[in-house]
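Starting off, we have a lone chain in the form predicted on its own, written out as structure tokens.
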């Protein structure tokens, strides 16, 4: 492990630092919340959370896919810096399926490791997705407790070609998805969200009674296909199965906030709600909504990377605030450290900014910060203020598109949602996202506006690319032998499976 730099800031003697809860949804879109315009209005608890806190309509993830965005949140660094990308092909999204050999590097410093400096106890409840091999699991990277799974709940599998995903309690598996932890693919019914809710509530109660500051990273995955909800929510939504999952997650958020209030710790607990990437439009009616934005998950258009975001901290964040500051999941790393009274590591480049001036003072002092849109190893676009410049465009390949894989259903924009990787570096496509949030009308390259924007953005992009030192890519190699055949704890359960011979290959990332 690297040495953890950074000093602890002075706080009033004896004062317990604030608790921190980050709620990270899976494939939930910007347009899935009632407060952001979803017409079914089925998220009353999240809407109330926004009314009692701050809505951040210009909040972005760091990558349009699950694993890299989660690595970015916990390290405060772009995936191209923390290693959660691939160099196997140009501008490809990569993640951590069962066959991935890599995972989060031991050289990276994760948020829970830093929070230990102030005595925080940290727990992840839900999906991890930063690698499933022993050296990559949460308890090896600063978390004290874990209840959940290392991978997505794909399946069921037959245990011969591929094992079902294990569910862990701390460092040992206690079962597998579709076996001990049921998910009915026919009815879309599962109790997993209820289990994850109970785990979160229990942790909050235990740590409050122990009078210890806590960090809860709550990462349920019910809105990732195949979507699921428990019996009480199954069939309840106007939106179908996906809506059932959203309703249950909204209910769960309400339960967590109610517990904070009943324990009298709501004014000493910072809570942030967001999602890992845009809604998966490829799932059709069983996917979410990205509101007015273009395309969805896998793409660097707005629909792939702009996320619902609510900050909540009674007595500290003004009720009913809306702040249009450009902000990202990487800011949660730096902001959480600031709230805890810990200086960030000073031995590495961080991309996350401290949002406390925005959250606590409703300031716009960070308004000129750029947002970078990466797909794998390529900088695809940059946003500065209201303007977004695309240096590369790509939805997905013609080969994939012709098989029915469509990341922009009903949203084809000629020359923008290209099916060939198209280089616009000499003359980037520029959009004004205030006038054109759907990225449908590029600004004329002959206009003064275009030239002024290009003049402002170009030096920022050049400086970023000149100074960027990419991390060692962790998502290049695959091997069936490293799948979840025999995780720690399998012997006790009689659930160890025999792995095949090792035969590594370069992972193929089509998107």
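Numbering follows the first chain given and starts at 1. Model, not experiment: these values are computed from the prediction.
The form predicted together with another copy of the chain exists for this protein as well; it is not shown, and the discussion that follows is about that form.
Trainee: Would you please decide whether residue 444 lies within 4.5 angstroms of another copy of the chain in the predicted bound form, comparing each non-hydrogen atom pair?
Mentor: Judged by the heavy-atom cut-off of 4.5 Å, residue 444 is well away from another copy of the chain in the predicted bound form.
Trainee: With the partner left out here, check for me: in the predicted bound form, does some heavy atom of residue 461 sit within 4.5 Å of another copy of the chain?
Mentor: Residue 461 lies outside the contact set for another copy of the chain.
Trainee: Residue 172 versus another copy of the chain, in the predicted bound form: is there a non-hydrogen atom within 4.5 Å?
Mentor: Result no; residue 172 lies far from another copy of the chain in the predicted bound form.
Trainee: Should residue 399 be counted as a contact of another copy of the chain in the predicted bound form, where contact means heavy atoms within 4.5 Å?
Mentor: Taking the distances in the predicted bound form, the answer for residue 399 is no, it never comes within 4.5 Å of another copy of the chain.
Trainee: May I ask you to choose, among 36, 457, 483, 478, the residue with a heavy atom within 4.5 Å of another copy of the chain in the predicted bound form?
Mentor: Checking each option against another copy of the chain in the predicted bound form, the one that comes within 4.5 Å is 36.
Trainee: Check each of 342, 204, 281, 125 and return the one that places a heavy atom within 4.5 angstroms of another copy of the chain in the predicted bound form.
Mentor: Exactly one listed residue reaches within 4.5 Å, namely 281.
Trainee: Determine which one of 207-215, 173-181, 69-77, 434-442 lies within 4.5 Å of another copy of the chain in the predicted bound form, judging by heavy atom distances; exactly one does.
Mentor: Selected stretch: 434-442.
Trainee: Using a 4.5 Å cut-off on any heavy atom, which residues of 448-478 would contact another copy of the chain in the predicted bound form?
Mentor: Sequence-ordered list is empty.
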